[in-house]
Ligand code: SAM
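One chain comes next, on its own, written out as structure tokens in the form predicted on its own.
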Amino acid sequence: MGKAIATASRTKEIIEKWNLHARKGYGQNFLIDPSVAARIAESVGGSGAVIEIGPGIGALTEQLALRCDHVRAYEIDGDFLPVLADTLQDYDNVQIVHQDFLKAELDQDAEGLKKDYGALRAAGNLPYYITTPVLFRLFESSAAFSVIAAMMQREVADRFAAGPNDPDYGALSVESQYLYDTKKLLNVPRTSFYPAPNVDSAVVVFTRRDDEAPDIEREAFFTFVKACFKQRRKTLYNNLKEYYGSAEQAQNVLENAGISAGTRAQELSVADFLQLYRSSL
């Protein structure tokens, strides 16, 4: 094995050899910082399998293959299939799937991997325009990924990792932190990519919690949380009044939860939202 794929010189060689062009429509930017690829892989590495979203030319895939028993990588762009066959030819524990991850039979695929390899994790340098849909497909999978490490736009990472009273705290924060302990691993400057995007990135690591409330219907709870944050400047009372179409019901729910009508959604912790939601049932 030679230089890591995630180096500027090796990436340039691969691009020139295969006459590649990053497609903006797929949000393609090639990672050229091997230390970042290694950090992401280390955060999900270990025995078991990992699902990767968007392997590109294999920069992160290579590092995952060095640390995991099996890598199943979903690549939407058919032009990258022969490239990956070439760049990853030394790794017999990598399976490339030519498919849009958002259209994959994720639960079926994930359960099969768990059965064959035990632990199951996920990782990806996610295209900015589909970061949230991809993460929520992973969050809501019946396979319950134990760890997810995702590179994303830095401002989106801040929203996932934010806590109460933080300007970035919102429905995304509550929904992800209900299921996962959420931590920003590192910031990644735009110069770590070729071509360089217009924004900086960050890696967020989600570690599955084992205390999901058994009495809570997850989808309904998430809908409720989104309603509480619908207009951030408004109080919970005003947002809930619109959600229920009833001032009286909104007032009753808040009173039952012991929360002041003048409180705003960004002041509540995940535990507070659970209490508020239960008071609405």
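Being a predicted model, the structure only gives us computed values, none of them experimental. The first residue of the shown sequence is 1; numbering continues from there.
The same protein has a further form, the form predicted in complex with the ligand, not shown here; the description that follows concerns it.
Only one segment in the set 232-240, 219-227, 48-56, 246-254 has any non-hydrogen atom within 4.5 angstroms of the ligand in the model of the complex, and it is 48-56. Of the heavy atoms in Phe139, none are within 4.5 Å of the ligand in the model of the complex. At the 4.5 Å threshold, heavy atoms of Ser43 stay clear of the ligand in the model of the complex, well away from it. Remark: Tyr91 does not count among the residues lining the ligand in the model of the complex, judged by a heavy atom distance of 4.5 Å or less. Although the partner is absent here, Phe160 sits far enough away that none of its heavy atoms falls within 4.5 Å of the ligand in the model of the complex. Scanning Asp166, Glu155, Asp181, Asp77 against the ligand in the model of the complex with a 4.5 Å heavy atom cut-off leaves one residue, Asp77.
Among Val203, Val83, Leu126, Leu106, the residue placing a heavy atom within 4.5 Å of the ligand in the model of the complex is Leu126.
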